Structure formats: structure tokens, C-alpha cells
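Next up: just one chain, as C-alpha cells, the form predicted alone.
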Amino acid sequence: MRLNDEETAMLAGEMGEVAQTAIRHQIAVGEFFDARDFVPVTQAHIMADTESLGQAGVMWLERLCDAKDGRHLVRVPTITDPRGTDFSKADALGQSAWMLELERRAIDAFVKLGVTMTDTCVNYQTVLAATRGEHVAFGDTGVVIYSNSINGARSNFEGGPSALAAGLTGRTPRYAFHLDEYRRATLRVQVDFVPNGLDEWGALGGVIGRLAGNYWQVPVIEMGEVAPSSDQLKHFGAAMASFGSTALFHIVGVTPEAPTLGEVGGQRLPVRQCIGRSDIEALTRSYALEKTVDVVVFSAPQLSLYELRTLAELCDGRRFKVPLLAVTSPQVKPDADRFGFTERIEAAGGTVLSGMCFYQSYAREMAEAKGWKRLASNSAKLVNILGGYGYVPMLASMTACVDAAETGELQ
């Protein structure tokens, strides 16, 4: 890779041991992807839950902190994805002391490196949305696809060490979605209906993600006149990234880089598939394996204030038979408390959790500790992931999920 003077000094150790470690890692990544050089970034977002880090990952973070040469801090605003617990509710989740201890050690290390513990996968709704053309180094797949597609920013899926390295050096290898040529459409899809609830938007994202099937495909979607909300696009993109490893999509007339089909090169592509309501109904039915429900979870992505408001309205006057968990960000939780949404959800027997994500919080161990197996959610992303953790996940609307929490059955 071509290095400028500052990058050469980093590699030589002239800007500290931590920066040297970070840029060595980034050069290895850049050479793997044939990056010509680095591009400066304005923000980094680290996906580093302790279930994935394990003891070895946390010890690696702690060794970085040991440098203590005054040059070990991140150089650009660097934030975190959801953590592995909500400490105030860990007992109710059946989490063990060793999980919490590992979490505390990871947090201590990140803080010593200057990382801001935002603990959110919806930073584009809560912290600082990246803007069109802004180069960033983001980790969580839902964060990346939303920032690339809806905000028009530029990021690849950065693994945990790569995102932290970007924070420490203020740059990332320039390849893939940082380059114009990789942002052109490669897959043309038509949709002949408008999804209703968030579960349907997620299911549509899942269908298109499966159709795309790999990281390098960029779907361009023709849907006629449609004006989806931020929450709808959040579930749509998160599911597409989960089902298809997709990092960027365009919706003609909606997303900033696709005011017309031709702007992203879509007119030269044949229509790969016309997707109708029957396609998302088929995806939803493929998860409808049982009626009985052990737990209802709203998570992945974390809930916005208005999702919590809707949930609070649905909870009024109910008493839940099975646990209902609603997961939000630390930025939204105080407002949910202030407006009484938390109190209304918990009065029905639900639990509002903050700063974590269900599937990044030792979901397998929670299932064993709590006896949870059959899980209902309105998140297509969560449903797609949890099968791998031993759950029988089921996809339904928020209303149907709340009904299931009350009756114990998903209708």
C-alpha cells in the first residue's frame, strides 16, 4: 500500500506503540483487499461484544492499554455497538457473574483507549448520523447498510479489531464501498407492493438479501412511489445485511444516490426478480413452526423512541403470561422513562433493557438458564440469527407478538 508521511511514521513507531500495532493490522487488511492507500475517516464504530471477544480478546484490549505512553488514545470519535448485558437487569436474564466481570473489563479497556461507550446499533438515529460522502469505519452490519444506503456515507463492514484500528489511526484502507465503482447497482429488483408493519419491511429485506447472497452485490430496488420511515428502513436494511451480507442498497427515488434508476447504473441491468407479498409471506411462514411461545423479544436493531411508544400503547391493560423483553439504546431509554413508556410496558409484565442486544448477550446461555426456546419477534434480523443459537424463532407483527406475550401462543 502507498503510505503518506504520517502513515510511514506510524508504522515506524514514531507515533506510539498502539498506533503502530493498529496500522500494521490495517496494512494487512488493505493488502488482502488490494487497497491502494488509506482514506481518512471521521468516525469509527466498534462491534466488540464479549461473547465474541472472549477472554483472549479482552486481554488483547488490556494489553493495548498497558502502553500508557500518552499516545494510546483514539484519534477520531469512536463509539461502541451494544454490550453483552444491561447490568441492572443481568439477574433477570440469568447471566452469570463471569459474563459481567468480562464485560466490565472490556468496558474499562475501551474507556482507557478513549472510546465513547455509546452501546448502540442505531447510532444513525441517536448519536451522530454520517452524511453523504463521509468516509467512516463502522462495524455492525445494520449500522453499515443504513449509513451507506440511507445516509450516503461510505463504509465497509469493519471487524472489531479493524474498527478499533481505524479509531486509533484515523483512517481505513480504501477499498470496496469507499470507491465509486463499487457503489453502482449490480442487481435489479422490482417490488409490486408496499410492506405494512416493521416485520414486513424486515421480511422484504430478508427476501432481497437472500436474492443478493453476497457482500459485493448492490441491489437497486424499484418500488414505485414510496416514502418509508427511518424505522422501516432500519428493519429493512438490517434484515438484508443479515440474510445476504449486503452492505449497500438503493431504492429509486428514496435513497440519496438513486434519484433515478440510471444514476446508479440500474437501467443496464435485467430485472432479476419481481417480488410480491406472497414472497414475504412465504419467508414468514417458514419460521411459523410452533404456536406456543416461551419469550417475546423486540431487539436487533434496538428500538427507537417511537417503537417504544407503539409498544407501550399495545401493553396498556394487559398482563403478560410469558416474558416480553424490549431492548433500546442508552440514548433513548431516558426519554422512554421520561414519557412513561417504560412504566407502561413494565406494568404489563414486560422488561425494558438498555445498551445491549439480545443475540450479543449470551443468548444460548440465557436460553439454558431461563428455559427459553420458542421465541417470537417482529425483527427479521433477530429471527434469522437465533436459529443458530438453538431457538425456534418466529416472525410476526408487534401486535401479534404482544398478544403472544399475553396468551402464550402466537396466532
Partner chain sequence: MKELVLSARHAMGRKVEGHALVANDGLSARYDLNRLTGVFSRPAHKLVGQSYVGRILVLDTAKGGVASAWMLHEMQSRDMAPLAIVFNSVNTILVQGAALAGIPMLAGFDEDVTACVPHGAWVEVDPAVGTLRVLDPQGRASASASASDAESHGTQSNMSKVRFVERG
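Since the model is a prediction, treat every value here as computed from it, not as a measurement. Positions refer to the first chain, counted from 1.
Omitted here: the form predicted in complex with the partner chain. The next part is about that form.
Residues of just one listed stretch (117-125, 267-275, 139-147, 200-208) have heavy atoms within 4.5 Å of the partner chain in the model of the complex: 139-147. Shown alone here, F339 lies farther than 4.5 Å from the partner chain in the model of the complex, counting heavy atoms only. Within 4.5 Å of some heavy atom of the partner chain in the model of the complex lies at least one heavy atom of Q360. In the model of the complex, no heavy atom of Y306 sits within 4.5 Å of the partner chain. At a distance threshold of 4.5 angstroms between non-hydrogen atoms, R36 is out of contact with the partner chain in the model of the complex. The partner is absent here, but in the model of the complex a heavy atom of F157, alone among F87, F193, F157, F320, sits within 4.5 Å of the partner chain.
Along 279-313, not one residue places a heavy atom within 4.5 Å of the partner chain in the model of the complex.
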